[in-house]
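One chain comes next, on its own, written out as structure tokens in the form predicted alone.
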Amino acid sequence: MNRLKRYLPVAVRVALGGIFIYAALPKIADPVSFAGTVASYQILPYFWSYFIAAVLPFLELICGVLLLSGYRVRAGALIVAAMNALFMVALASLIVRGLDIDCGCFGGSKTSPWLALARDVVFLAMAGAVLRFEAKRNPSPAATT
């Protein structure tokens, strides 16, 4: 049991970091295709699709590297949680509007909005767990006073 308590936080953090790095790489390799995927959500004006396609993959990559390296873990986990919350809102919007498009999450094969939403719930829970583990490991100065 002590081994589980000792290694589980690291395993969750490293897994989440790896997932976000894995998700970022195909988007960085093909930003035009990713911009098309963002545009297919029909949420943002056309220009913003290219802006999001240019920025989001690098934000995912940076957060993944932070989580994987163990440097600035709280910041990385907090941004990952915020991104997942936004992804969930966008996917819920697709479901409500009846649009059955690829989520664009990892490139490659098509993923339904329902499956992507369920996956994002897991990723959000993982980010919350990382934040909780970090709070226990390194309480902030404000929490100790």
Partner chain sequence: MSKSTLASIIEISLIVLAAVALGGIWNRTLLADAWRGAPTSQSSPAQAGEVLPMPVGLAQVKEMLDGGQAVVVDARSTASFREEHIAGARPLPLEEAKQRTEKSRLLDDVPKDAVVIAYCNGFSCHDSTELAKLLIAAGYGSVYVFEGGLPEWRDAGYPVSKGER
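Positions refer to the first chain, counted from 1. Everything numeric here is computed off the predicted structure, so don't read it as measured data.
Keep in mind that the form predicted in complex with its partner chain is not shown, yet the notes after this line are about it.
Although the partner is absent here, Trp114 is not a contact residue: none of its heavy atoms lies within 4.5 angstroms of its partner chain in the predicted bound form. In the predicted bound form, at least one heavy atom of Val32 sits within 4.5 Å of its partner chain.
Contact annotation for Leu66: at least one heavy atom lies within 4.5 Å of its partner chain in the predicted bound form.
At a distance threshold of 4.5 angstroms between non-hydrogen atoms, Phe106 is out of contact with its partner chain in the predicted bound form. Annotated contacts: Leu4, Ile19 and Asn84 are all free of its partner chain in the predicted bound form [non-hydrogen atom within 4.5 angstroms]. Scanning Val89, Ala118, Leu59, Ile43 against its partner chain in the predicted bound form with a 4.5 Å heavy atom cut-off leaves one residue, Leu59. Annotation for 43-61: interface residues with its partner chain in the predicted bound form are Tyr46, Phe47, Tyr50, Phe51, Ala54, Val55, Phe58, Leu59 [heavy atom within 4.5 Å].
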